[in-house]
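Single chain ahead, by itself, as structure tokens, in the form predicted alone.
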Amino acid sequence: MKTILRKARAVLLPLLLVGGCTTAQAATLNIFACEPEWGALAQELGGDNVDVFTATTALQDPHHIQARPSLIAKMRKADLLICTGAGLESGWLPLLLRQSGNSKVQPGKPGYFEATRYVETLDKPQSVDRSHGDVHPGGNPHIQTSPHNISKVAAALLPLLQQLDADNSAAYQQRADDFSQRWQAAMQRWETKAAPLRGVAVVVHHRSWSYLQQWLGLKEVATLEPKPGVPASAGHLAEVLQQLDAQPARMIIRAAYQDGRADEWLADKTGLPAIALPFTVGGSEQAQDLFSLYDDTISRLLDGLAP
């Protein structure tokens, strides 16, 4: 009997070890990204070592997402949560976190990452009052509209990936170095191409573009929403129309997910082009990753200058 057991152990032990090695090699870091830009960035830095799930699409308003059971199920399996923060997801993320029961991704844990913590946010309100509309106490959360912010978030995310998946630390470093090199070259190219946009006056639908404006030197002269998150009324649109007589603009811009009816009404009255920008990865047919997101954004803005 002992002889039989020894023989069985000799046969099974190597198979178990091989099975264990295979599992380790196939192991990935499960990442739950709140918005497409962070999912794309995690994929750039993680490659095959990460399995990224993105909770929202570019055609959804990230302020207002339904905490569906399918999202809760995905969060239960996550090793790392990457969200924008600054209150952008305050209407739905806390419920997902609570319902998931996943201790690894709760606030304060290593698996909880808010991108806006690594960027100096703009448009910080003096006070938070619902009468001011949908304002964010942490400042404007739409940081992904500047590639400089993507660089800062990438630099902060890298050591966290290395901490959570130490076995693949070198691979994350290699991919981050490669991404940084390509990203710096792309930013130079974008800034050269976008030079004609400096000083161009724009009407914005929502204050989604503060970082893009700062980066490219665009000048915001009017906002279609009378308050953040409040749809344009007929009276407010009439005020904007009058305001443009004193401060002319060259184009009206909005995010792909926003209702374009107010933009089109103003375009019809003024002759200005109304342009839908992708806003994030997946916001247009051309914007399928972080690089093509900015390629397409700048191309669309330049098209708006065309006579």
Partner chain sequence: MSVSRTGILPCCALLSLSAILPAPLWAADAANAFNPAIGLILNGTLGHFSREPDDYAIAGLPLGGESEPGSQGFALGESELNISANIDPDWFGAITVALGDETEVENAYVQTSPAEGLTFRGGRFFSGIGYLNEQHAHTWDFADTALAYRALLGTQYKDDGVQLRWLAPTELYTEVGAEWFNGSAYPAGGSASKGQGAWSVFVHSGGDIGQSSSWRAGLSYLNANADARESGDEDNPDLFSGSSKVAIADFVWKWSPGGNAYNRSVKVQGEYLLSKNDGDFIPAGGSELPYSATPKGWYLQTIYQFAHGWRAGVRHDQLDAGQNDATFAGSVLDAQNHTPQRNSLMLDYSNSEFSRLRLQYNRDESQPQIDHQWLLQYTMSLGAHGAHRF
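Residue numbers count along the first chain shown, from 1. Computed from a prediction, not measured in an experiment: that's the story for all the values here.
FYI, the form predicted in complex with its partner chain isn't displayed, but the following is about it.
Asks: Quick one: from 148, 117, 198, 189, grab the residue that has a heavy atom within 4.5 Å of its partner chain in the predicted complex.
Replies: Of the listed residues, the single hit is 117.
Asks: Could you tell me which one of 182, 193, 77, 219 places a heavy atom within 4.5 Å of its partner chain in the predicted complex?
Replies: Among 182, 193, 77, 219, a heavy atom within 4.5 Å of its partner chain in the predicted complex occurs only for 77.
Asks: Kindly confirm or deny that 59, 92 and 97 each have some heavy atom within 4.5 angstroms of its partner chain in the predicted complex.
Replies: Looking in the predicted complex, the three residues 59, 92 and 97 all sit within 4.5 Å of its partner chain (heavy atoms).
Asks: Of these, 172 to 180, 233 to 241, 210 to 218, 140 to 148, which stretch puts a heavy atom within 4.5 angstroms of its partner chain in the predicted complex?
Replies: Selected stretch: 172 to 180.
Asks: Even though its partner chain is not shown here, does residue 224 get within 4.5 Å of it in the predicted complex, heavy atoms only?
Replies: Contact with its partner chain, no.
Asks: If you check in the predicted complex, is residue 250 within 4.5 Å of its partner chain, heavy atoms only?
Replies: Taking the distances in the predicted complex, the answer for residue 250 is no, it never comes within 4.5 Å of its partner chain.
Asks: Could you confirm whether residue 265 comes within 4.5 Å of its partner chain in the predicted complex, counting heavy atoms only?
Replies: Contact check for residue 265: no, nothing within 4.5 Å of its partner chain in the predicted complex.
Asks: Are any of the heavy atoms in residue 29 no more than 4.5 Å from a heavy atom of its partner chain in the predicted complex?
Replies: Because no heavy atom of residue 29 falls inside 4.5 Å of its partner chain in the predicted complex, the answer is no.
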